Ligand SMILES: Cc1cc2nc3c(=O)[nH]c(=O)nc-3n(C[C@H](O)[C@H](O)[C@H](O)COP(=O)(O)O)c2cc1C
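One chain follows as structure tokens, the form predicted on its own.
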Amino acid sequence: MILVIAGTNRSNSTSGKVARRVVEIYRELNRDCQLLDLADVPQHCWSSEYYSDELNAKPLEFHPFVCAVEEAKALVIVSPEYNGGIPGALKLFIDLLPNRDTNLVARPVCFIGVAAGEWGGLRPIEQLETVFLYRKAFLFPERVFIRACEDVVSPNGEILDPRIARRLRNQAERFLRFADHLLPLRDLFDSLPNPAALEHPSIFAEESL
């Protein structure tokens, strides 16, 4: 399953509209695809008291969102730009995910930036790439940046610029091939007792004994 994450908890956001169109594209390509809109996360879940790495320490209402991430074969992140960077809700959502040493390891991820300005969300996407690289995800190098989003995305979510529509579909087609080819590598990482220990060879050696 491909999981598309709308990276803001603002209701009726442009990013959410783009994310819904991206879900449609993957389904048109005959792939199981689901939407995770941060606007659907219950308000009380956005709390620092749930920073624990244990799922049981999170509110029950947050569990379906965790399961969606953990069950996904690959992730597509649609992020707007807030104050020159990642939306706070998106970063907090990543920080609240449990099992941080395993849940994003070897996961294929691609990115779509959305912004009203000329850079099309370049800055938050570059920041997100740093975060996901730290979590040992596999980053798809082909990004799509949607600039002047208020002119490009209609109120009902239609992509008005045919060039952007074509880029989104091309990205989806190539990302699916990228993700399919990485499946054996993900199986390899899943077999490790603690993938995070790869950064510390001496620790990894001890855990392998």
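A residue's number is simply how far along the shown sequence it sits, counting from 1. As the structure is a computational prediction, the values presented were derived from the model and not from experiment.
This protein has a second form, the form predicted together with the ligand, left out of what is shown; the following refers to that one.
- Of the stretches 149-157, 44-52, 171-179, 28-36, only 149-157 has residues with a heavy atom within 4.5 Å of the ligand in the model of the complex.
- Checking A116, A89, V131, L139 for any heavy atom within 4.5 Å of the ligand in the model of the complex turns up a single hit: A116.
- At the 4.5 Å threshold, heavy atoms of P108 stay clear of the ligand in the model of the complex, well away from it.
- The shortest heavy atom separation between F93 and the ligand in the model of the complex exceeds 4.5 Å.
- Interface residue remark: R10 is counted as part of the site for the ligand in the model of the complex, having a heavy atom within 4.5 Å.
- Of all the residues from 69-97, those having a non-hydrogen atom no more than 4.5 Å from the ligand in the model of the complex are P80, E81, Y82, N83, G84.
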